[in-house]
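Shown below, as structure tokens, is a lone chain in the form predicted alone; questions about how it binds or moves come after it.
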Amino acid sequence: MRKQNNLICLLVLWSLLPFCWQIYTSFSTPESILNPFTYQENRWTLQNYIQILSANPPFWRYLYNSLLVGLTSTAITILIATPAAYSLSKAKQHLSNTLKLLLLAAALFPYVLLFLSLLEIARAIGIANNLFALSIPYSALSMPLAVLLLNSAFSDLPNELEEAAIVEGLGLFQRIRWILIPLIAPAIASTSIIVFLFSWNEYPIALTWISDSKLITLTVAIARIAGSSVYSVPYGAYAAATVLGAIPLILIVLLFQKQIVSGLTQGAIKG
């Protein structure tokens, strides 16, 4: 047991080390960043955060843009994927298996190969510089995995439960809304987090679809900070931006950690 605890502590430390280093860098002066193991009297500073928060447009604007795109794409994905996953769980086995293979292939397909095609479509229909339009490809790219995850949750539910609801006179919408969705709520929560993280971290599409500096997402803004100087990399400002950008994700995980764990382990134990 002690060895297992030591191993867990080591894994946790290994996972937290990069984030701790980013926090250290965000509060360090340029000299102390380049020479972290040498003693310096003035090694701590808030200038990196002041530089980020006093930028124009303000840094919070980028957080808002990413949050808006992430929530919109997540809502669209869940609204479409939930009934699709339910229908897939009720399909005949051979048809269901074929569709699952196709969805798995779509989920594993590297979306970067679709990059130029999506860019041409965006130019053709004139939806560039639109945050809500940015949610469309994010939802489409997240849809296959979301359907597979929710289908697994629907398939784990006993058929007798829905049969009893039919006997009670509940229609299809009522069964899904009042019985099935509450039972798979943890799976919906974990799927929503996965979709949101993809939208939050996506970079190539956001870089090319959005050119207005007031509408760029967080990933694009951080990349611009890293490349803002030709002669040196502003490590401190870059680290401060990544720390501020990680705060919303940390809060979401802390608020929904029970649902996330429950959703990821749903169906792992049967009988």
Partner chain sequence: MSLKLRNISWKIDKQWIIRDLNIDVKDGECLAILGPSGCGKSSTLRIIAGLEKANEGHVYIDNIDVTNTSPVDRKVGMVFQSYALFPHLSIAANLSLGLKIRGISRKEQEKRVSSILSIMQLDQYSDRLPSELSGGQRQRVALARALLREPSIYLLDEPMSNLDAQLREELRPELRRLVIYGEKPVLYVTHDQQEAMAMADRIAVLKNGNLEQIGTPEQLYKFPTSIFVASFIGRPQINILPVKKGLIKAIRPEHIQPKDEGIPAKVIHREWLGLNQIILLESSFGTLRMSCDPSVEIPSTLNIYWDAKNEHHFDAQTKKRIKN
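Residue numbers count along the first chain shown, from 1. Please read these numbers as outputs of a predicted model, since none were measured by experiment.
Omitted here: the form predicted in complex with the partner chain. The next part is about that form.
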- request: Find the only residue in 161, 71, 101, 127 having a heavy atom within 4.5 Å of the partner chain in the model of the complex.
  value: 161
- line: the partner chain in the model of the complex has a heavy atom of only one listed residue within 4.5 Å, and of 131, 122, 170, 188 that residue is 170
message: residue 75 versus the partner chain, in the model of the complex: is there a non-hydrogen atom within 4.5 Å?
response: no
Heavy atom of residue 97 within 4.5 Å of the partner chain in the model of the complex: no
- request: Spell out, yes or no, whether the shortest heavy atom distance between residue 155 and the partner chain in the model of the complex is within 4.5 Å.
  value: no
message: With the partner left out here, which residues of 109 to 133 have a non-hydrogen atom within 4.5 Å of the partner chain in the model of the complex?
response: none
